[in-house]
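Shown here is one chain on its own, the form predicted on its own, set out as structure tokens.
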């Protein structure tokens, strides 16, 4: 990161407890503007809870979250809505409205948050769909396209308002390896072409190493390690190496992963 790059997100001493259980335990993290930051970790590590805090769906027990210079902790609903206009969100299941066409899905945030004329909105929709490789699909219904195409429609919708930040929740979930790699390439291309800051929550190691400028690994609600892909691959931490390799034997006992899974179910 060069000296001119600023941090568009700054998380300080973030704590979240549920019934006296610490799910996030003192998170401190800086996310540079214009870069791709990947947040990883095993089941129950806190990565999904962290993402929900970043988009304003959860309020922390302690700590602050600065997004583009504004602390969203304790902010009013109107204030949070203004902040949300600065970011887009790609949900794990695409979350398209099945009763709307592809074009209508992409147009939805434009209709809800702007006063643009319909002719202008249609032009923007065409441009966004072209960016994700779906030119001419405006009139298709979601059930007429594949899972990978649905993800691309959702990505076009996420960038409809020209956000500064896009949050991705498991973008490759449910996709075959080739389609998942295509989504990764889109994330890279859009981040570079549009100078978008991307925050990606995933457990897919190949995807992380493919796209990340910085990887953040969580464990038990704490940041275990951060670094470039090469730094993470060369980590001396036994947990990190087991997470990369996916081996059943190592620093993470089987019983512990089962307990983490149950804990994750309780948090959702």
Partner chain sequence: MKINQKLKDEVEHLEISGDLDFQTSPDLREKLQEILNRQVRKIIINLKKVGYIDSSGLATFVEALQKMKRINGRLILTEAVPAVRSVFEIAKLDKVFTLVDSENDALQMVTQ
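Numbering follows the first chain given and starts at 1. What you are looking at is a predicted structure, and each value in this text was computed from that prediction instead of being measured.
Missing here is the form predicted together with the partner chain; even so, the following discussion is about that form.
Undergrad: Does each of 170, 203 and 224 have at least one heavy atom within 4.5 Å of the partner chain in the predicted complex?
TA: No: no residue has a heavy atom within 4.5 Å of the partner.
Undergrad: Just to be sure I understand the contacts: of 72, 89, 161, 134, which is the one whose heavy atoms reach within 4.5 angstroms of the partner chain in the predicted complex?
TA: It is 161.
Undergrad: Identify which of 188, 141, 108, 127 has a heavy atom within 4.5 Å of the partner chain in the predicted complex; exactly one of them does.
TA: Only one listed residue qualifies here, and that residue is 127.
Undergrad: Counting any heavy atom within 4.5 Å as contact, can you tell me which stretch out of 72-80, 111-119, 90-98, 148-156 lines the partner chain in the predicted complex?
TA: Careful reading of the contacts points to 111-119.
Undergrad: Applying a 4.5 Å heavy atom distance criterion, does residue 194 contact the partner chain in the predicted complex?
TA: Answer yes; at least one heavy atom of residue 194 falls within 4.5 Å of the partner chain in the predicted complex.
Undergrad: Indicate whether the partner chain has at least one heavy atom within 4.5 Å of a heavy atom of residue 181 in the predicted complex.
TA: Although the partner chain is absent here, residue 181 would stay clear of it in the predicted complex, with no heavy atoms inside 4.5 Å.
Undergrad: In sequence order, which positions of 70-104 have a non-hydrogen atom within 4.5 Å of the partner chain in the predicted complex?
TA: Read in sequence order, the lone residue that approaches the partner chain (within 4.5 Å, in the predicted complex) is 85.
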